[in-house]
Structure formats: C-alpha cells, structure tokens
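Below you'll find only one chain, the form predicted on its own, shown as structure tokens.
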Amino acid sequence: MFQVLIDSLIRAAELSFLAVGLTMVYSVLRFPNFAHVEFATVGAYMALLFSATLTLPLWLAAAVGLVLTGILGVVIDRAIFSRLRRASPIMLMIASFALGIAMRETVRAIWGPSPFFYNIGLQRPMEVMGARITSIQIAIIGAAVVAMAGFHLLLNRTRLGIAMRAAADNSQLAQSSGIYTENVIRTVWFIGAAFAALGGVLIALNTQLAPDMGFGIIIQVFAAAILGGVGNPYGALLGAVIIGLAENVGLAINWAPLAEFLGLSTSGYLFIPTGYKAAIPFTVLILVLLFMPSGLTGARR
C-alpha cells in the first residue's frame, strides 16, 4: 500500500503544475484553455532539443525550455487571445481547442510520432518501507514541493502576487485601482505556460516524450482543477493530490466485495484493468460536476 501512496504522490506532483497553471489563466481570463496541456509537450521537447542538440546538462536545458515556453505563452496571448478579450467564453474555448491541435501537430511534424527518452541512464530504484522509488521520482516530488512553496510566496508576499489576486477577483476594479491588468495577464500566461512545461519535463523524465503526451492527460488536469475549484490555485493542488490518489488506489482496490453486494458474481477478485486508468478521473470529474460544480474550495454562485 505504501507503493500506491508513493505512486500517487508522483502523479499528483506531475499534475499539479498543469492544474495550477490552468486555473491561473482561468481565474484572470475566465475561459477554459484547452491548449494549456500542450505547453507541457512543447516544454518537454524543448528540453530534449537543448540537451540532445546543444549537449546542455538536462537541468539547464529544462530551465531554458521553461523560459522559452513561458515566452511562447505570452506571444500566443498577444497574437490570439488579446484580440478576443471581449469575445464570449465559448469563442475563446474554441480558439484554445484549435490552438491546442495546431501546437500538437506542429510538434509531431518536427519530431515525428515516435516517442523519445531523456538520456538519464539506468535508474536503480531504492526500497523504502517495501516501496520502490528512483532518485528521479524523488526529484519530481521535491520539485513540486519547492515550486508550490515559491508560488505561495509569490502570491502572498510580493506586489506582483497581490496584483494577480486582485485581477483574478475583479479585473475592472483592479484596473481602476491603478493596476495595469494587461501586464498581470502577461505574467499569468508566462507563469502558467512555464509551470506546464515543468510538468511536461517531469512526466517525460518518469515516462517518455510523445507528441500527444499533453492531450493524454487533459482529463486528469481538468478534473484536478475543477475538483479543487476552478480559479483557486490551492484548490488545483488539492485536486491534483486527490486525482493522483484516485487513479492509483482505484487500481489497487479489489472491487469483488462491492460487485457481490450489488448481486454480481465474481471469482473473488475484481480489479480495474490498467487500460481503464483514465476512466477514474473522468468518473470523478462527472461526479464533481453533478454534485459539487463549484469544487471543494470554490464559492457558491
């Protein structure tokens, strides 16, 4: 069971970066950015480019990739979404969906459909209380803790963070109070895209790079953001932890007693196949939308 907890923490760490970035953009611009997960793919491939082509150390290549992906997010906002500020959320959502397809297929056209791996060598797992974990996976959890602590300090201890929270609460009132909201929006896009890129690098370190790696976790990311309360970055972090636990615990539970209670015959063992792992957060998402549409930390509307 401790192995399930370790795997859940790793998954939560990976999802938290994308969920927090997604909810940041929503809190300021009030639309679901379906292209957000593609920044994870772009950031991961940029890290691969700089580490494999320019032979930079992977940590430096990842840092450069994060910065460039953040700049790409700002450029995309300036080129597309700034022209649609007064459009309806439906129009913005459709534009983001089309942008996501364009970004994903551009990556596929440049690097091809085959998966890639970072050159990190063979990772020998360590055994902790009967569970196996690699140094890369420890680094993934540590990076999430450090990044979220830094994000908390940014939101609560800096003028920029105060301006971001003011723009998220009421952009018109923030503008009338002397806050230049366009600068806040650019900062939100930069941080959100960079966070997504970091999440993509961490996912690629733990698994592999593929052009559809971002799209493959779009349900999990949206489920985490909605479960925690869309627009609340701390809620998104909580949602990522819950989704990570739900995915791994759901696969580890023997559902035979429940099935027999419902009148279904089993052989004493009934586990969810790993191929249906993505159905777990999708089920959670449906239940949250039905019974708690504002999420765990969202305010009633």
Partner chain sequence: MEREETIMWMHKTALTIVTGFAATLLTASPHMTADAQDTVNIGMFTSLTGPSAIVGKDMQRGVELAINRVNEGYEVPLKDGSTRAIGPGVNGSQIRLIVEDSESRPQAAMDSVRKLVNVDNVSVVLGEYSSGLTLPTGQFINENGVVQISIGANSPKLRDVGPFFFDMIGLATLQGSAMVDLAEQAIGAKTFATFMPNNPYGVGVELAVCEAAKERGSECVATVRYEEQKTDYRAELQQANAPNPDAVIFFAYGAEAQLVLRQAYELGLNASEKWFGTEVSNWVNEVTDTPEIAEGVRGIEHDVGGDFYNEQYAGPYEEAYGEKPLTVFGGYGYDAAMIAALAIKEAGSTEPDKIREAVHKAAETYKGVTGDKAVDEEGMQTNEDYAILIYKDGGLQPYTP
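Rigid core here is just the name for the largest C-alpha set that superposes within 1.5 Å across the two forms. This is a predicted model, so every value here is computed, not measured. Positions refer to the first chain, counted from 1.
One more form of this protein exists, namely the form predicted in complex with its partner chain; it is left out here, but the text below deals with it.
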Its partner chain in the predicted bound form: within 4.5 Å of a heavy atom of each of Pro32, Ser176 and Thr181? no
Problem set entry | its partner chain contact in the predicted bound form: Phe271, any heavy atom under 4.5 Å | yes
- Any non-hydrogen atom of Asn248 within 4.5 angstroms of its partner chain in the predicted bound form: yes
Do Phe97 and its partner chain share at least one heavy atom pair within 4.5 Å in the predicted bound form? no
>> Taking any heavy atom pair closer than or equal to 4.5 Å as contact, tell me whether Ser265 reaches its partner chain in the predicted bound form.
In response: no
Assert contact residue (its partner chain, in the predicted bound form, non-hydrogen atom within 4.5 Å, options Ser82, Thr158, Gln208, Asn170) equals Gln208
Of 83-91, 193-201, 134-142, 67-75, the segment with heavy atoms within 4.5 Å of its partner chain in the predicted bound form is residues 134-142
Taking its partner chain in the predicted bound form and a 4.5 Å non-hydrogen atom cutoff, the residues of 1-32 making contact are Gln3, Val4, Asp7, Ile10, Arg11
Practice prompt. Could you tell me whether the Cα atom of Trp59 shifts by at least 2 Å between the shown form and the other one after core superposition?
Written response: no
| With both forms fit on the core, is the shift of the CA atom of Phe271 between the shown form and the other one 2 Å or larger? | no
